[in-house]
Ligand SMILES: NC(=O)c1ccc[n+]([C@@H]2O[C@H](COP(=O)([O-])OP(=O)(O)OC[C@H]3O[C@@H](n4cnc5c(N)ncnc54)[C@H](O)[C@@H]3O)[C@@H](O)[C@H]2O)c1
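So this first bit is one chain, no partners, the form predicted alone, shown in structure tokens.
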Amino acid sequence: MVTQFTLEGVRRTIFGQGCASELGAEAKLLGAKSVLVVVDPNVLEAGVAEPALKSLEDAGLETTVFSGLTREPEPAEADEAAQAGRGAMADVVVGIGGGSALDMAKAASVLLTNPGKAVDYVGLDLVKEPGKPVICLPTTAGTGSEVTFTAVFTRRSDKFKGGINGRFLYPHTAMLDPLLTVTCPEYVTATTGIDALTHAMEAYTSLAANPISDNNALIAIALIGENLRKAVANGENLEAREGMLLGAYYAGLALAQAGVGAVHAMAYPLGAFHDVPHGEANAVLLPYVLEYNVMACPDRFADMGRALAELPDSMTERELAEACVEEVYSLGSDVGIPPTLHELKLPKDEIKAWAEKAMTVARPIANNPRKVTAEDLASLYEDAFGV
């Protein structure tokens, strides 16, 4: 855990059932006259965004809706969203959907005020001017994009996955309405939920962890451990949906404050090479990487074990640390996460290429509590195939 750190982040958070209907008022607080709404096409088609869109209409705001994004967006899609915003002279950007939609909104906001294209800013702190204010409304409980400084994109031309990262990517406002997550399908609820758990656990074991990120991570782990099974079992369980949305929020804060580790580095090539959704890749890989890392910080794994599940007081630190890993395997199994990469029908002969690409995801590799090499990552991919 580091002893010197700097914290930045989302400026305003609104939480509660039905708060999406307050979007118009929130946009007006930011001086909005014209709003660019970046929304997941499936969310738009299902009518999930309707309360938020109606709120903008009722507030008398000019609204331009952009829904031309794919599951794992290319940088060029952010350019298209920004072009729609320029045409509408948008002064506020809203993101509604899962991580891809929220990331796209954040990227579009800075492209409205900075020259060039999205691909020019993939990296760390390359954006030089603040973007238009962003309001994020997540419809999944997982990515934490509503509070992070990252917008992730996939370049299929060279099989690269990376993000626009920097302080100007933080949203201004996060609006967390559990009602927007009720129709989220079981499998997406499961994978995004374990994605949030990955954020919390990797932040807690990160070499850049600090007291604030630690607190947020442990709260997130406890909320996810208590609520994910219930949310998957019954999507209309609003108490569980509230718990998961809050857990994902705390996990996103921890991620933004401490970073992530090797799970994320290993997940990126699976998305870049084969369009595996980021949350799904994280969910499958998490227990294997935890098992590798446990020897580096068993005390921290013991803390996470206590937060995640009810474990006997008589257990030693080592037993608690090992139980943490087993509890993650158990949780994944209970909510329907594929137990191995084999179930994702990926080509095993690409492992070496994935490992080499994962090693280029520099910050997560540097944050990982146990040192990793390309050979270590290849071995972890082998283990995760299970055959």
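All residue numbers refer to positions in the sequence shown, first residue = 1. Fair warning: this is a prediction, and the values are worked out from it, not measured in the lab.
One more form of this protein, predicted in complex with the ligand, exists but is not displayed; see below.
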> Exactly one stretch in 227 to 235, 103 to 111, 118 to 126, 243 to 251 has heavy atoms within 4.5 Å of the ligand in the model of the complex; which is it?
Replying inline: 103 to 111
> Would D195 show up as a contact with the ligand in the model of the complex if we use heavy atoms at 4.5 Å?
Replying inline: yes
> Do N42 and the ligand share at least one heavy atom pair within 4.5 Å in the model of the complex?
Replying inline: yes
> Any chance R155 has a heavy atom within 4.5 Å of the ligand in the model of the complex?
Replying inline: no
> So, in the model of the complex, is A222 in contact with the ligand at a 4.5 angstroms heavy atom limit?
Replying inline: no
> Since exactly one of G131, G98, P287, G261 fits, which has a heavy atom within 4.5 Å of the ligand in the model of the complex?
Replying inline: G98
>> Between L180, A174, A265, L270, only one gets a heavy atom within 4.5 angstroms of the ligand in the model of the complex; which residue is that?
In response: L180
>> in the model of the complex, does every one of A209, Q257 and R363 come within 4.5 Å of the ligand, counting any heavy atom?
In response: no
>> Only counting heavy atoms and a 4.5 Å limit, does any residue of 121 to 146 reach the ligand in the model of the complex, and if so which ones?
In response: T139, T140, T143, S145
